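First, one chain by itself: the form predicted on its own, in structure tokens.
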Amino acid sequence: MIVMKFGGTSVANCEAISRTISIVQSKLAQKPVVVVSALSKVTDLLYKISDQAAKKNTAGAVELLDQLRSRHIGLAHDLMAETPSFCHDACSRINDICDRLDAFVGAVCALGELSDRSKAVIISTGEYLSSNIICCAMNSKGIKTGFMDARTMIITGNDYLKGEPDMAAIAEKVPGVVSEAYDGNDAVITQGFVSATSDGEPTVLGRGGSDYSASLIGMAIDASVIEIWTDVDGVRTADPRKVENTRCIERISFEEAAEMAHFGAKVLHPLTIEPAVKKNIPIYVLNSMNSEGKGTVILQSSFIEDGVKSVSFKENILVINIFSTKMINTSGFLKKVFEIFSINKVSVDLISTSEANISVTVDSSQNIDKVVEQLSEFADVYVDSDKSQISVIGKNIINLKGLLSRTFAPLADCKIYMISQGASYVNLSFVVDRSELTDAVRQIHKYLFENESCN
């Protein structure tokens, strides 16, 4: 079996879904398990609906709900115009899902209180709509397709909006659900992003979690391959939206891919790699708009050559500087500091320490007010905003002669606030002013990839 995940742009409209169905059809001999995201921009729409419900803005919510329904009904008619019975089935499913969502949102509007559980119900609706439409469309094309509800097999803890997968429960449930759905069928389809607690309470895996769903399913069924179908030709040496002349990387290691995803690369969800590593399952990143392309394959490190693979970045970060003479020759100080981050659920990216100072970076989207308040009880705390993080990522980069000079040569006039090299020798990261980011990334990419190769 193989797992094939199709993101929002791969299921954005009639043309994109038709391409997706053709790709699945070409893989039927490998028994595909298809995982789909919501249609492009639909999850954003659902977040807006939840916001309107929280504000008791019934009229605003109803307007958006009507947009949601009409887009999916229109898509069903476009996809299955020549097969009325399948189109009728799809529209019936859409109306049923939308009717239930309308009633649910109406109840939230009446209460004026949006719990995390209610928000999980609302924002996960897009995947149920897209998976039902695509299931009907695949059947209309002669591909007998079984439907699976992800909440019967992707089991998480009780965090409704960022469920922590229960790996043992998933490994136990997925094979049986997939086997039952495959009975008499050519393929099966389910939802990415969507999950549930062991008691059946609705949860989601967090934004971008469809990749993670695919990897979890692949792990559970011992898939031969996990394919992530997106709208770019694999993983590139830098973000092509920022940098010209980027290259597609033919192969990278699990470790390199994880670092790229964590440090800003948009192609994969950061948690995608872990389940695949457990079973050593190759991950392919492919372009649904160019199905003949080779894309990028992610493999265990022994198959990957040394060298720099990419320049990644996080555009908007904060640097928190913690100064205290109490940490000099004192055990337990670091533990005290990082317990505060843990208690307040603020994740840290880079860490740099000296005798009396700790500097860390965090994503600017996180609320650090309580962290700063609690740290200030025993240390002087300064926060630098409007900063960006740049990461040079590759295998065994510590062994690459001249890497530091090649990386920092373009930054002679750029102020660098912090430097950190990972213990795994997979990344070299540093912090610059946000205003300098674009030029810095372009210049570093030019030095590393467009001049002589870095060996």
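A residue's number is simply how far along the shown sequence it sits, counting from 1. Keep in mind it's a predicted model, so treat the numbers as computed, not measured.
Beyond the structure shown, there is the form predicted in complex with a small molecule, which is absent from this document and is the topic of what follows.
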Joint contact, 38, 193 and 209 to the small molecule in the predicted complex, by non-hydrogen atom at 4.5 Å: yes
Residue among 407, 420, 52, 43 with a heavy atom within 4.5 Å of the small molecule in the predicted complex: 43
Interface segment, criterion being heavy atoms within 4.5 Å of the small molecule in the predicted complex, picked from 111 to 119, 351 to 359, 374 to 382, 209 to 217: 209 to 217
Partner contact for residue 127 in the predicted complex: the small molecule, 4.5 angstroms, heavy atom: yes
